[in-house]
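We begin with a single chain expressed as structure tokens, specifically the form predicted alone.
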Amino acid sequence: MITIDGSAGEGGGQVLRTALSLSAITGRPFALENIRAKRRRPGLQRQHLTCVTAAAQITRAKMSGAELGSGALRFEPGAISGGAYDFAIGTAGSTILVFQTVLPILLHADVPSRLTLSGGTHNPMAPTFDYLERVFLPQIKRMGADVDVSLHQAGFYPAGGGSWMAGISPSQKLQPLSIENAGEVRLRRIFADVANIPFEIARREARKAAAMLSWPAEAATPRTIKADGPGNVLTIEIAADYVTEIFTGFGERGTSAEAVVARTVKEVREYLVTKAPVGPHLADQLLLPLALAGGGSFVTMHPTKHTTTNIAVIETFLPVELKLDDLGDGRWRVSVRR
């Protein structure tokens, strides 16, 4: 049994999610200790527990420690079973992170799967549904996966209530992927979305973001979207030949629309100045698919602690090496070697 210290490195939920995915795929059981020990609320929270129970349901796993607040977990997977699954977090926790946990597992199933997910779809500190659909999944599809998603309703913190569906066809052997440059930029656009709050906030965000980026006003669209509770999300998208990147800002009580825009535009500028095609969040998310493919590489910005921690967990389960090479000028190449 593999033993993992959940407090090592970044020490967050990514350690758990990667371990669950790879344990299910390899059939290797693991024991995770000190779960999320560095977080303000350590241990398994509702979102993390849903990841555990979802992986266990798909693999008919034996486990112990799968309860709220638990700091330790033992997980022994069985065979992977595709089919229809309904995963409800019960809070506004991120359904996208649950999906990214089970997606690699269900790609190794013997039959197609259809998922219904409910909870949060637009969460700070997690990919949004828009990011999943337009940034992450296109790269997974380039690797040979057949996945489709459709959003029914957005879910913001604290109300939750988001719902969406996903279809996954088996694709047990992903193809290596190489992203050395982004190619020519084909589309730049901004969406300022509000739910159950004044539309004027979206208008201000859209107008300000376009002005700060020196993009034409018609590139920015304010919108009202359906959700159970109040919410505000700013999405700035840059789509090039080989990669699309999205930068996201969330409105919150006591923070002006202009401040939300300024924070998000800062991230866009940092990405553009390096000329690296893959942003730091996508870099972290591509590690596991590339490792499962057994090869590939991409150029990104300076690796985050999320990335280096994820690499350590992946190398614990798989006979691969994920190499980081400093190319200078803030650009790094991540490559997978067997």
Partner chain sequence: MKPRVAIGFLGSTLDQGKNAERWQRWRPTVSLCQHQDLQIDRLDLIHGTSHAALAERVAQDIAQVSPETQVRQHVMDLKDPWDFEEVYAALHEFARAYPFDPDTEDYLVHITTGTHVAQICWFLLTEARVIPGRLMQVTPPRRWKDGDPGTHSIIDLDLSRYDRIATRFRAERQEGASFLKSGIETKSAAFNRMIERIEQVAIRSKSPILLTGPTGAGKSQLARRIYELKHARHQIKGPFVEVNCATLRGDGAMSALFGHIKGSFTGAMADRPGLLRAANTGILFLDEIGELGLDEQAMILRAIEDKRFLPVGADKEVASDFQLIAGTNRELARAVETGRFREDLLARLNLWTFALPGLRERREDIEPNLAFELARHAQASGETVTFNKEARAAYLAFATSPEAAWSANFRDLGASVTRMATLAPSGRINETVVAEEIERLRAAWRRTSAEPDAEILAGLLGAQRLAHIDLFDVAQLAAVVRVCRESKSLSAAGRTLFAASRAAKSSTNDADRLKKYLARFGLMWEAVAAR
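Positions refer to the first chain, counted from 1. Please read these numbers as outputs of a predicted model, since none were measured by experiment.
Another form, the form predicted in complex with its partner chain, is not on view; read the next lines as being about it.
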{"property": "is_contact(residue 92, its partner chain) in the predicted complex, heavy atom dist at most 4.5 Å", "result": "yes"}
{"property": "4.5 Å heavy atom contact, residue 68 and its partner chain in the predicted complex", "result": "yes"}
{"property": "Non-hydrogen atom contact residue 148 with its partner chain in the predicted complex at 4.5 angstroms", "result": "no"}
{"property": "Its partner chain contact at residue 249 in the predicted complex, heavy atom, 4.5 Å", "result": "no"}
{"property": "Answer option from 215, 157, 242, 85, heavy atom within 4.5 Å of its partner chain in the predicted complex", "result": "157"}
{"property": "Answer option from 76, 267, 130, 228, heavy atom within 4.5 Å of its partner chain in the predicted complex", "result": "228"}
{"property": "Output flag, 41, 46 and 161 jointly within 4.5 Å of its partner chain in the predicted complex, heavy atom basis", "result": "yes"}
{"property": "Partner-proximal stretch of 177 to 185, 229 to 237, 163 to 171, 202 to 210 relative to its partner chain in the predicted complex, 4.5 angstroms, heavy atom", "result": "229 to 237"}
